[in-house]
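Starting off, we have a lone chain in the form predicted alone, written out as structure tokens.
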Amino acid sequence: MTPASPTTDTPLQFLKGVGPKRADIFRSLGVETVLDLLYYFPREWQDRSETADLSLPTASGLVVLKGRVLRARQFPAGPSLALFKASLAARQGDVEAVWFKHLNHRFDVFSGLKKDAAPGSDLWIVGRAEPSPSGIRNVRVEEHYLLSNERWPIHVRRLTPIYPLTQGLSQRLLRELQFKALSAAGAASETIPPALARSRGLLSAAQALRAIHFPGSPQELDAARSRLAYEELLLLELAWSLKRRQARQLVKGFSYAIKRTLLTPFRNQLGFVLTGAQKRVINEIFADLQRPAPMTRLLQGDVGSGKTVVALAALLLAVENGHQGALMAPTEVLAEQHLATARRMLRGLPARVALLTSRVTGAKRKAVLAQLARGEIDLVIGTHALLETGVALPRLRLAVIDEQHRFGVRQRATLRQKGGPLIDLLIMTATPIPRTLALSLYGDLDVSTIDELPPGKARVETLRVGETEALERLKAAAAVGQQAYVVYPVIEDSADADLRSAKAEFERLRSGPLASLSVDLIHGAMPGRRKTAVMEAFAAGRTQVLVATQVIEVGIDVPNATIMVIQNADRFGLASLHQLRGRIGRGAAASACCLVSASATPAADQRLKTLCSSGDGFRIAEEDLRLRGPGEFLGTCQHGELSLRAADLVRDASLLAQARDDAETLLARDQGLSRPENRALKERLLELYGRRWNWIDLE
């Protein structure tokens, strides 16, 4: 039975207009109650003020107007497409409204529209138009509303919410459901303690929820978003602060002694001297490992700064104390590269190393799993395969995760539990993260930074050139015995005619401009053994030019490779371009990265300019954050796992600082958040970060 008026706890299927089938669609989005729906925020807000003058369209081409239908008819537009045109008389002048639809032999796709747009009907239309010298006369309609429908003010002549959609949902439906749900907003609980909300000048929860969906003005929208963002950030900072406090009280029950049985010979046979930064970071990690509480440390450093050597030193400390170590990488290529590096650096040492990825199958996989379970393997290197339920690591005491931004919070927790919940954890990233952001993303981690590159590394010149010049530079390098990469954004040809593919270009290059050179191809869809064989041939110098996709972005170390040509460079993100560039300049010879881009958007153009002007990974990371925001910078999985729907960690830096200060003050006054004024905050905190993720324990 449908309630007369919904409450925040009402299951969504009982909200008028939803029903069981749509409730299943919403459930896939994590929306199960009316309150969940209210917290399903718009992704943007469209100014749908009525277009005043058709000769002066908005920059977006958006047209919003009211008109009376004079005449209407359907036209064929191809074998499977038809269009419907209606001539509208509006106060701004006559306009042709056009709707496109794919035909269906079972029913008339325009049946509803023919009723709505019958001659004499009064309509609001929202659509796009191309400006012309004579003004707008044709509008491609995206939405239309009958003036006789009392709900039209929800959709037009206002700041209109635009929601993230999935199949089976429409903007019209979501807006109308949100409008109904807002009748329950007054009962939304106040999570933020009243005194704190007053001191920060925040809207009430009900006011914020109403204004985030249907703001009366841009100022009201800003106030609503700030209120909701602050609440998210306060909860996040409380969770991290509690997690840090609780972690410091834990005792892991095992220890490390620096015996030097493996570490000393390891250091002696490296063939190079560790940088001051590497030594400092190793000391920080070793000091952490020797404390009673479990280590949780982030190791960040630019490409080529020597993080792998530091990680291996930490893993060897575990091994020489009779423990197991694990190193998890995001891709099979990187895991195999780490294996090759470990075997080279640990050559002759009594440390048993094995690989576990999805490509390790059959009898070999069974043997590796059995040896791991018996504790006969000291160091296992792998991918997500290490997280599988059949993988037992009884002596695991130290786990290292490479390229953390490609894994989620839950994945690192899963790996940690392989050896029991109290093992030590070292997280590495070559994507430098600004400190304020690192505190929010990895609030339970201490941070070590390798801010010094090894001596003798050549500077990489980065320049934008045409393909002809880029290939001439490549051939000149090959003539003196050096090697090169040519990188493409996709494997196969795509519908985008301007986008070059690795497979097609590989054939063109080896039979055309680079016919005199040995050229090979590598991409992520190749069989594992083939990929390994290609990389081994390139590393050994048997291949002069490697045509590749982004699969080489991390972990590939060939010091003789001095030239990289990145085709369609505007299609890569700034962090990816910097990572790709890090594959060259790994030896002493001068190196060059050639960015080939026929055209670019202003944002892409800014990325390429930044890359050409700087080799500083930290500066590039800051710019990448500014250009793209944390959602893309971190990967949507990581950003989503922080439960941030209204907040943006870059844009809301000042709110973040306030939330961090307020969280510390709250916990200093009420460590368990047990006072009456903090109970709602505690309940929400437990719901998000306690019961759902098991991050914290306040119960």
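Everything numeric in this text was worked out from a predicted model, so none of it was measured. Residue indices: 1-based, along the sequence shown.
Below: the form predicted in complex with a small molecule, not depicted.
The closest heavy atom approach of L173 to the small molecule in the model of the complex falls outside 4.5 Å. For D520, no non-hydrogen atom is located within 4.5 Å of the small molecule in the model of the complex, even though that partner is not displayed. In the model of the complex, the small molecule sits beyond 4.5 Å of every heavy atom of G481. The small molecule is not shown here, but in the model of the complex it comes within 4.5 Å of a heavy atom of P454. The stretch from 106 to 114, 162 to 170, 231 to 239, 295 to 303 that comes within 4.5 Å of the small molecule in the model of the complex, counting heavy atoms only, is 295 to 303.
Site residues V18, E32 and F179 are none of them in contact with the small molecule in the model of the complex, judged by any heavy atom within 4.5 Å. Only one of I282, C594, V309, L471 comes within 4.5 Å of the small molecule in the model of the complex through a heavy atom, and that residue is V309. Of the residues T275, Q246, S614, S87, just one reaches the small molecule in the model of the complex with a heavy atom at 4.5 Å or closer; this is T275.
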